[in-house]
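Okay, so here's just one chain, in structure tokens, the form predicted on its own.
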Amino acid sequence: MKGLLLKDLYTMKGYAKQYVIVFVLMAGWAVFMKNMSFLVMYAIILGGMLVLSTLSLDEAVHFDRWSIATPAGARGMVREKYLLLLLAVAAGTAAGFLLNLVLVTLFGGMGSFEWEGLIITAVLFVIAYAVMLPVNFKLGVEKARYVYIGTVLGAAVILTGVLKMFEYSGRPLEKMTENPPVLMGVSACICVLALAVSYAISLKMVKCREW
């Protein structure tokens, strides 16, 4: 599995220049719109996009067919993708935290993005990829991409609705997040549960798929 992970990390390195250019353009747009919070969130999104890039390349060269014939087998191939996802989202979230500190220092309120928002954004994208990965192993990356987009939009709509309900009920978001350990614990449990269920389904899909 270590070799598979290194292969994907080298693949990500190959895409680095393209994503740096995109990120710089997004930074320019954020400055123009005087809203830097999107740039912080985009750092998290970017980590997941890199995982999608590795999936697309694997499918293009039929790498999965070769991978399941290696000693790592189907289980190692699936496990490596989930490990890569965790590393990518963790790196994106850490970059978001650091970027937020820089933006707050340089731009004040325009760069402000509450840490609770970063945690919720990371959880949202972990859930989206937890839904997407089994579809990728069953139907391919193109259909999985549509599922991913639909999941993100659906989760965003549900989250917005929940926040509106709290506002109308007189219980602002601050009351939900005034206890950081609880918020982080609940977020971690949601991520672990989503990824565990997703991993089990993905493994079954790979074993049942006709290659």
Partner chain sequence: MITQNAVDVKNLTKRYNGFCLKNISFQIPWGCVVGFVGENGAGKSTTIKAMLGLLPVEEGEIYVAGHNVREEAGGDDWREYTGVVFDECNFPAELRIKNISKCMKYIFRTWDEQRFSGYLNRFELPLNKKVKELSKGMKMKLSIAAALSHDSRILILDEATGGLDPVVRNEILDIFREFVEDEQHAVFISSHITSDIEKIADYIMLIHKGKLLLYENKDELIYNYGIVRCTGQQAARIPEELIKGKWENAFETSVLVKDRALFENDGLEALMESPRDARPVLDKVTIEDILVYMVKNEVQL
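Bear in mind the structure is a predicted one, so any value in this text is a computation, not a measurement. Residue numbers count along the first chain shown, from 1.
Unshown form predicted in complex with its partner chain; subsequent notes refer to it.
Annotated contacts: Lys17, Val22 and Ala88 are all free of its partner chain in the model of the complex [non-hydrogen atom within 4.5 angstroms]. Ala72 is the sole member of Val141, Leu124, Ala72, Ala95 with a non-hydrogen atom lying within 4.5 angstroms of its partner chain in the model of the complex. In the model of the complex, its partner chain stays beyond 4.5 Å of every heavy atom belonging to Tyr146.
Within this chain, Ile68 lines the site of its partner chain in the model of the complex, having a heavy atom no more than 4.5 Å away. Proximity of Thr11 to its partner chain in the model of the complex: non-hydrogen atoms within 4.5 Å are present. Among heavy atoms of Val61, some come within 4.5 Å of its partner chain in the model of the complex. Although its partner chain is not shown here, in the model of the complex the stretch 133-149 places no heavy atom of any residue within 4.5 Å of it.
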